[in-house]
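Form predicted on its own, single chain, as structure tokens, below.
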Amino acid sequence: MPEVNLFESIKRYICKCAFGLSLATNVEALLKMPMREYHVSLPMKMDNGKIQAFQAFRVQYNDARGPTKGGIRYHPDVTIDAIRGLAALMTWKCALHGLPLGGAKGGIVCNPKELSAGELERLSRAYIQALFQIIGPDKDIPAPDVYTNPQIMAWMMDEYSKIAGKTTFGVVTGKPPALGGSPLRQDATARGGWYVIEKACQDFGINLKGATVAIQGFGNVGSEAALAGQQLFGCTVVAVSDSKGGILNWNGLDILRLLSHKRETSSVENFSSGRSITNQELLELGVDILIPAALENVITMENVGSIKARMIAEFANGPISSDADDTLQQRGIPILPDFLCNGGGVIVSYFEMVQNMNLYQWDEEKVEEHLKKKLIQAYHNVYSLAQKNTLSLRQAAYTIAVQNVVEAMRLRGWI
């Protein structure tokens, strides 16, 4: 079966909601194209003294609602089409949650696991050097994504500040708190996703306390999701996995012990309190809630027939192909779409921007209060529209987001 293209899937979703919005053909076409994209080569001296060039991208998809915002991922499988798709998702995510921001995404084709700390720092600084002219607090604000973290954001902020000749905290978000980072940013995506799940379980008749949960992906988002699900919402996390494999215990996993095991061994594999399973087996477990929290396109037409979860919450971006999404909808499995469910990260990133602009840091309680309010409001808007017009949650979310972007474009005189 041919590889699923995330960007093509997103364009198909736009088509679905464009019909309901009665968009002109030329406007629909405009929404399916990035406004700007940059391809750069980053030559860098490796620890062995040799020069190696890394391919890198930045896509600014749409800035009708404000400066563009989106993460940077370091991964060997980064492609320009994936970055385009993720930048489009960021556009709809910011619009859905009412943020005055557009969408962007960036990436470097590399395997960070094979790079030393020094090489990672030089690569991160090289990315800023190459793209300095097109990013900034009022232009385009990067953030962490797959295999990037607060330390990498700190290096990027420092490099931008050196070139600009002044300390500029607001050029990136997801920074350490000592450098203008916001409380809760590290676990905002996971915690925010659970606020959405909590409301959805009430609407779809799932008892959240004691609900069985499987989480595909045990990086920052997946591990925080496991902790929050267990400690804050009383769920039973029965399975998790990472790139090397997974672990299953129907009585529930001890997440704190599992985190220690992963730190010691770099994987959840061979954890003593459970049996080993593959990533594919995890996706097919008969659990109450399945949380894909890793990369895109893990559920496709090849495996959709084996999905048995009662509800799917997309903490990852684009984990379900559009064809597989149609199949799951037909089977009546509620799907909490990515840019609704995982909006907590960009929401708290926006709060970080606001704090940086005011040279002030909110306390954790204020961040949590505002985060929860925004996510619950977004879910309410999506669920209400879906119920009123017999739409899937995804189609309702796209309809709201695209409508908000189109309205901004119209008011600005672009269309």
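Quick caveat: nothing in here was measured; it's all calculated off a predicted structure. All residue numbers are counted from 1 along the displayed sequence.
Another form, the form predicted in complex with nicotinamide-adenine-dinucleotide, is not on view; read the next lines as being about it.
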property	result
Distance check, F218 to nicotinamide-adenine-dinucleotide in the predicted complex, heavy atom within 4.5 Å	yes
S321, heavy atom within 4.5 angstroms of nicotinamide-adenine-dinucleotide in the predicted complex	no
Distance check, W155 to nicotinamide-adenine-dinucleotide in the predicted complex, heavy atom within 4.5 Å	no
In the predicted complex, F315 touching nicotinamide-adenine-dinucleotide (heavy atom, 4.5 Å)	yes
Listed range touching nicotinamide-adenine-dinucleotide, judged in the predicted complex by heavy atoms within 4.5 Å, from 248-256, 142-150, 159-167, 304-312	142-150
Proximity to nicotinamide-adenine-dinucleotide in the predicted complex, single hit among L115, V109, A126, L295 (heavy atom within 4.5 Å)	L295
Residue among H97, R185, R84, R191 with a heavy atom within 4.5 Å of nicotinamide-adenine-dinucleotide in the predicted complex	R185
Triplet R73, K262 and N279 all within 4.5 Å of nicotinamide-adenine-dinucleotide in the predicted complex via a heavy atom	yes
Residues in 235-258 with any heavy atom within 4.5 Å of nicotinamide-adenine-dinucleotide in the predicted complex	D242, S243
